[in-house]
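There is one chain below, alone, in structure tokens, taken in the form predicted alone.
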């Protein structure tokens, strides 16, 4: 079976000496005001004012995201100097992450053996792990099946001014983001429900995460008829993946729930070809749960966390579930199907029900759920909907710290009427186009009971059509950083 190579990654180390290091590139920062970092100041003194002359002449300007690669005039030390523009604003975790990712992508046009990164002196220590994580995240690309790699990863990246603790934490977070991105970027012939579960099992094989996989027979026995209905039209049978991490003693767990539709044809409500092309990304919610659980376990967070991934492939055959069908879910609530392309919420209906039976103290679900959320918020902002403002505030705070934009949408009671069915308890779409992201969340709310819950619609930011200086097109790994931060800091009782 077609399968890509392992995720590319550089060896990373901390280093104390900079200019004595024989390296391919030395990376240093410059503010927009022309303020030289200590490394640039040393280079300037050694070269008779070379750096300041370039600044005064406007050759290097320090604008945010501006990357200037120069040949070093010195006979020893680094052969090249990459100057990273730091702008004039606050240097926070997000700017550190972006800078780390940009420098790796900028240098990826050719193979480089050793890159020394002296940006630690420009960012506060609280952002150093984000700098390392960004550099590791910059190593992953969309072109995982090209004969010649489009991006060449440095063999070694040496970080100056960064503690060993920040280095290790950054490596874990960067690797976790890349695990999510790789799962999403793989083609649907490689990642389908069974193989998704197998890849997750392999990932956690020697970790503290306990993996449980429900196959088709177990799903039948458990009454997961909603998951089974969505997957009925495919030759690839559904799965439910449960990931348990016990780091918090006897406390009740936090739950992370992900939509894992590994390919979405739309079913009998068939998508047009253009709308189907990227539908391998419809399992990004589940992939985000896997990535977050990877980071939580590797960091050894003092929390109990359980991840749930509902996995199905929405295809077309004589066995496909149909418009007008009524499905009795695991919880006993019945769903009338008005559109087979609104399948993610149907899969989540059973997945959320399994999750609440583990009595979590709070629960977050992630899903590439609605185009309506993209219409409302654009392609780079995740939508938040909740039944508990305290938990939602915690998610927002975590996302704000990590620089991942989110926005809360209302959950007014008036939307409850929009998903009521004349035939069953509820229907799987609202009334027309209006408020589609909210009516989808209102549908899900039927399956969360009294558990404090936040729904995160990542339809926009989970998968990008175009590249940015800090990342390739394709999967982004959005919300992995924020979820790890939330689990670490949550005060929910």
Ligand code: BES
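Positions refer to the first chain, counted from 1. No experiment lies behind these values; they were computed from the predicted model shown.
FYI, the form predicted together with this ligand isn't displayed, but the following is about it.
Look at 296-304, 279-287, 202-210, 75-83: in the predicted complex, residues with non-hydrogen atoms within 4.5 angstroms of this ligand sit in 279-287. Proximity of 259, 339 and 345 to this ligand in the predicted complex is complete: all three residues have a non-hydrogen atom within 4.5 angstroms.
Contact with this ligand in the predicted complex, judged by any heavy atom within 4.5 Å, is made by just one of 271, 244, 106, 322: 271.
When you look in the predicted complex, the only residue of 451, 36, 429, 60 with a non-hydrogen atom within 4.5 Å of this ligand is 429. For residue 369, a non-hydrogen atom is located within 4.5 Å of this ligand in the predicted complex, even though that partner is not displayed.
When this ligand is considered in the predicted complex, residue 264 lines it closely, a heavy atom lying within 4.5 Å. Contact check for residue 438: no non-hydrogen atom falls within 4.5 Å of this ligand in the predicted complex. Under a 4.5 angstroms non-hydrogen atom cutoff, this ligand in the predicted complex has residue 459 among its neighbouring residues.
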